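The chain below stands alone and is given in structure tokens; this is the form predicted alone.
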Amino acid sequence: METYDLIVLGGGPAGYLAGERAGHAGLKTLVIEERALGGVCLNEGCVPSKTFLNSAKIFEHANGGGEAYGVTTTGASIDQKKVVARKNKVVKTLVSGVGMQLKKNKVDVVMAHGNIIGKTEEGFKLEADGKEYIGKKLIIATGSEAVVPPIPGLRESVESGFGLTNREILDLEEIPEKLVVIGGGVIGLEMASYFNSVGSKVTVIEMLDHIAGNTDREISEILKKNYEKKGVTFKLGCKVTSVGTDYVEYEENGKLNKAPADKVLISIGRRPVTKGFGLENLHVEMDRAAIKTDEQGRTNISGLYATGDVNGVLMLAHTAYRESEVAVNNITGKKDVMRYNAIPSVIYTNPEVASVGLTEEAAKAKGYEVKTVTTSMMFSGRYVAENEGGDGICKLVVDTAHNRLLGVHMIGNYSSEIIYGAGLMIETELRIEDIKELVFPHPSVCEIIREALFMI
């Protein structure tokens, strides 16, 4: 039985990053992963979906989208099998890179199902691939899984291949003529964006009266209008009642309707993976379906940490990275705490949506004295040059009592690459006067933040 300073259960963003940081710090570290290094994000989520969306953008420009810019093309087509093949190549490259980084930092990796046996005086005892291991410390980073609620016919649709989760849809080698998306959150919108661009008739059914979850309402409405113009149908405030073999039934204004479908994407949400690996043997305190942690990533069990989606705080890969860094820092004796006030969120549709910090509604609910400024992206020279007919905006939420930013919300391409700067401004609590002194490159889309600041 081999003993490690740290065992990490799970090899997704939270797990492999924890392994890298721990190994780099000199800890004897073991990462146990059942499926593939990189987890959902790298294999069937964040990264592969971006390869799809990039192909869609290229196709849109080639398929008449470039005419407004003086570029005329003919005969453009999309080869879905090649799109999937390139996605697989990208994933393989990046997964290999994760493995190399772990090896570089002298981290042992066991590709097998890990099971927690319990805790002894020596540490945490785990079993994997017929062998037992002891970890003086243990980080649980088992991630999350797609929610498949008990809607009549839904589970059967997944079993038959008619219903797809984020995992299966990214391996789809044929473009469905009609795609119904259940759920108007990030995953649903990104896949609706892709398949709409490549020729599917897309219908999005969402229980809420708006799309994009907690996104600023004005921005989510602009995004919806953009996709309605492209032909996406949104059924908002509607409840799915059943799934058949070629349709989805939903309730709208008290009446039952059917949306015909060749495929159905189930993107209702995700839940932490906390079952099937012996967690019950440690008597861990839970917060509903998630493992409860403090600001250092610690659980109620001494030496046990939980990072990433499994703690249910904010299910984003970049959140998981930082949570694991905080946990490893505390394990190695460096005081560190997790802060969630300035974590960016992005929807990689076309146009992109990005936000960081509080919305106006959330800020008011917390008791702040708030002023908002909304600026058209048309104040950016580069945006005008590259986005014919664009209707993007940038909205600042300002704490007037302390003269600092509480939130920045944007819709328009390049938003995903800009938003980290806004997060830095919020994280460091820069005063508005200080931000105005910063020099932004010209011409660039990020200048829109500066333009908005001078409208306060």
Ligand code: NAI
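Remember, it's a predicted structure, so these values are computed and weren't measured experimentally. A residue's number is simply how far along the shown sequence it sits, counting from 1.
Heads up, the form predicted in complex with this ligand isn't pictured, but that's what we're talking about next.
Here the chain stands by itself, but in the model of the complex one stretch of 121-129, 251-259, 309-317, 370-378, 309-317, has heavy atoms within 4.5 Å of this ligand.
269 is the sole member of 303, 269, 97, 152 with a non-hydrogen atom lying within 4.5 angstroms of this ligand in the model of the complex. Residue in contact with this ligand in the model of the complex (any heavy atom within 4.5 Å), chosen from 163, 183, 114, 143: 183. Proximity to this ligand in the model of the complex holds for none of 169, 202 and 232, with the criterion being a heavy atom within 4.5 Å.
Proximity of residue 326 to this ligand in the model of the complex: non-hydrogen atoms within 4.5 Å are absent; the residue sits far from the partner. When contacts are judged by a 4.5 Å heavy atom cut-off, residue 187 counts as touching this ligand in the model of the complex.
Proximity of residue 346 to this ligand in the model of the complex: non-hydrogen atoms within 4.5 Å are present. With a 4.5 Å cutoff on heavy atoms, residue 208 counts as touching this ligand in the model of the complex. In the model of the complex, 238, 240 are the residues of 218-246 with at least one heavy atom within 4.5 Å of this ligand, listed from first to last.
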